[in-house]
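Consider the single chain below, provided in structure tokens and representing the form predicted alone.
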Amino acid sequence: MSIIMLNIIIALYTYIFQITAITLIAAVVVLMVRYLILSIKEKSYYPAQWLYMLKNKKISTELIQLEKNYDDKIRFYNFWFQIERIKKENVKGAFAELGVYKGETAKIIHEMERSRKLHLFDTFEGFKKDDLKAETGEAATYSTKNFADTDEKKVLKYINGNNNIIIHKGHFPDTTKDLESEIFALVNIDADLYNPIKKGCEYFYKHLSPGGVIIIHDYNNKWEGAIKAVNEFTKTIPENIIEVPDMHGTVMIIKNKVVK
């Protein structure tokens, strides 16, 4: 092979390599730009009512910051819309959360409506052994050590709220003994397991005001006990569940209003 021919072949391969490299770089740049645009669009999405309230300075600086830092925007806004509805419709009652852990959602709920009592129910020591026995799916891999890295003092410090926050430490529903006369307007159940979710639905529904809402998290196929508890309970009431398309699956039960 002549030197001229060899140089031509080398030049051809070099050209092909350069074209391929340029094409790959261009493809990567296009994908990065597309990802950036989608990210900006996602981060800049706000419901119209939220934007209206922002514009009119009716949302606290603290709540604005909580919204920015919370990954599951749909879940966040669902809390906000339900609480705004409860205030607008003057639904009577306190708020409650069953399954507090470190207080992330409790802080959000409290900041959305600081004037109502917020009852927080949790062992603050992780799952109870008896509640784990019958679990299947994701929850079957859990032990009493899961979600045990918390305590009520740390939760109260993190929430940094007012005197309306009331801690009920212990095994639910034993911790409700002094609340027989209490009524609730909003309840968030994030207890993961069949037993506490089922008992939570049964207890809070009895004490729920007409127009009040029970919000239950982790209604998805990983949490078989959660699905079972909700489905069994809703067979006993006239209301249907409302599914919320957030990251981990949420359902709501809004108690029927009394028509006068």
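Note that residue numbering follows the sequence shown and begins at 1. All of these numbers come straight from a predicted model, not from anything done at the bench.
What comes next is about the form predicted together with a small molecule, which does not appear here.
Only one of Glu104, Asp72, Asp151, Glu182 lies close to the small molecule in the predicted complex, with a heavy atom inside 4.5 Å, and it is Glu104.
Looking at 24 to 32, 205 to 213, 188 to 196, 56 to 64, the stretch with residues near the small molecule in the predicted complex, meaning non-hydrogen atoms within 4.5 angstroms, turns out to be 188 to 196. Taking the partner from the other structure, the small molecule in the predicted complex has no heavy atom within 4.5 Å of any heavy atom of Leu118. The small molecule is not drawn, but in the predicted complex it has no heavy atom within 4.5 Å of Gln82. Within 4.5 Å of some heavy atom of the small molecule in the predicted complex lies at least one heavy atom of Gly170. Among heavy atoms of Phe147, some come within 4.5 Å of the small molecule in the predicted complex.
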